[in-house]
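One chain follows as structure tokens, the form predicted alone.
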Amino acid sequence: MIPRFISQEALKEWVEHLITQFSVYAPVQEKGDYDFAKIAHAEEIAFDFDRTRMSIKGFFLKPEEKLMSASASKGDPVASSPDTSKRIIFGARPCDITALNLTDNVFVKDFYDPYYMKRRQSTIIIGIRCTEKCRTCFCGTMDSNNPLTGYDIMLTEMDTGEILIQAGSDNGEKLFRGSRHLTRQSSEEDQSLILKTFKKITETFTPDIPTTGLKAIIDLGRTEFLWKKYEKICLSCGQCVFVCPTCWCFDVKEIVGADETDFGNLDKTARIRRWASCLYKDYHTVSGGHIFMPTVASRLENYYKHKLRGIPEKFGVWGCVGCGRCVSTCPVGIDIRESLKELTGD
């Protein structure tokens, strides 16, 4: 699709049209923060949001979900079926789309997860490109501010106030076919404006934290000083993990009396998957009571090395997208940006 332009008001009119066809989730403001919520009208969207409190990860990998149910006495397992009705996530930021691309590698290519995949296939992603930095972000450093895939449509606000529309998939192109009257096709005269806008975005998101040699420093093992430093203050609460768009650890448990409509019936069981945190001691505890990572320092080391060494080695991208949510949510003020500077000696 040749890039097209749409005005701010026409964009809202288009969203109103989408709401009649899909369940649309978009950033809304509540109690001073932003979260994705299902909207009934375009006016509910907080178009001036910087980033949401939680990423879009939870739309695909649920914080808690039932994988299957069965009878304890008879068996008869029944697999759960995720909701596959078509929906739109409107306003996904580039860092979250980059994170979703990484998660696709894990749950689609590496280990095929039908629950994740069905939700992914039934979801249309409409991204809104950042033109200025969000609070606590360092996405330019982690090369996550300009995803080339993972979205169906990407919107970029020009200096003129118009919105540039770029399709990223066939679904994205189809989505606009019935609403072309709301848009105009870009012309040769628009090329300089587009180039100027993207040049400005590139300059805004230049890396501001050095990462040269970071993998080698980790391989040399000269990082223990940092884990020992943080061990004194880290609470192992897991908040950084749960808000992180690239943390996908989970736990699976069998529970009895699982049917809410028949509480107390111990013959009914269910297999539940829940988000988990590698910062929890229980996460590293196995039968017999052995704990693979008994100290806070060892768990922090594992967390950082996974993001900055393990994932890059396996998938070729950083395991952190620089959204800065962990910085905002940490109750004791641990800042991964400062960690990177200390590790590289900046």
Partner chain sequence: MSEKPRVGIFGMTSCYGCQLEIINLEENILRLLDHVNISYWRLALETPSDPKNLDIAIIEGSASNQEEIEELREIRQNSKIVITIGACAALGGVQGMRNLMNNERVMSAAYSNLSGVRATEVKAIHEVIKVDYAVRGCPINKEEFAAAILHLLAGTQPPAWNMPVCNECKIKGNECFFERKKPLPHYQSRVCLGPISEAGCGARCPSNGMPCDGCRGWTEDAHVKQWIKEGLERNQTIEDLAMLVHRYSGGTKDSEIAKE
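The shown structure was predicted, so the numbers you read here are calculated from the model rather than taken from an experiment. Residue numbers count along the first chain shown, from 1.
The same protein has a further form, the form predicted in complex with the partner chain, not shown here; the description that follows concerns it.
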| property | result |
| --- | --- |
| Full three-residue contact with the partner chain in the model of the complex, heavy atom 4.5 Å, for M54, S236 and F242 | yes |
| Option touching the partner chain, based on a heavy atom within 4.5 Å in the model of the complex, out of L195, L266, L220, L148 | L266 |
| Residue among L226, A276, M158, V108 with a heavy atom within 4.5 Å of the partner chain in the model of the complex | A276 |
| Options 313-321, 36-44, 56-64, 300-308; stretch whose heavy atom lies within 4.5 Å of the partner chain in the model of the complex | 56-64 |
| The partner chain contact in the model of the complex: A167, any heavy atom under 4.5 Å | no |
| P82, heavy atom within 4.5 angstroms of the partner chain in the model of the complex | no |
| Close approach of T329 to the partner chain in the model of the complex, 4.5 Å, heavy atom | yes |
| The partner chain contact at K199 in the model of the complex, heavy atom, 4.5 Å | no |
| Stretch 240-255: residues contacting the partner chain in the model of the complex, 4.5 Å heavy atom cut-off | F242, V243, D251, K253, E254, I255 |
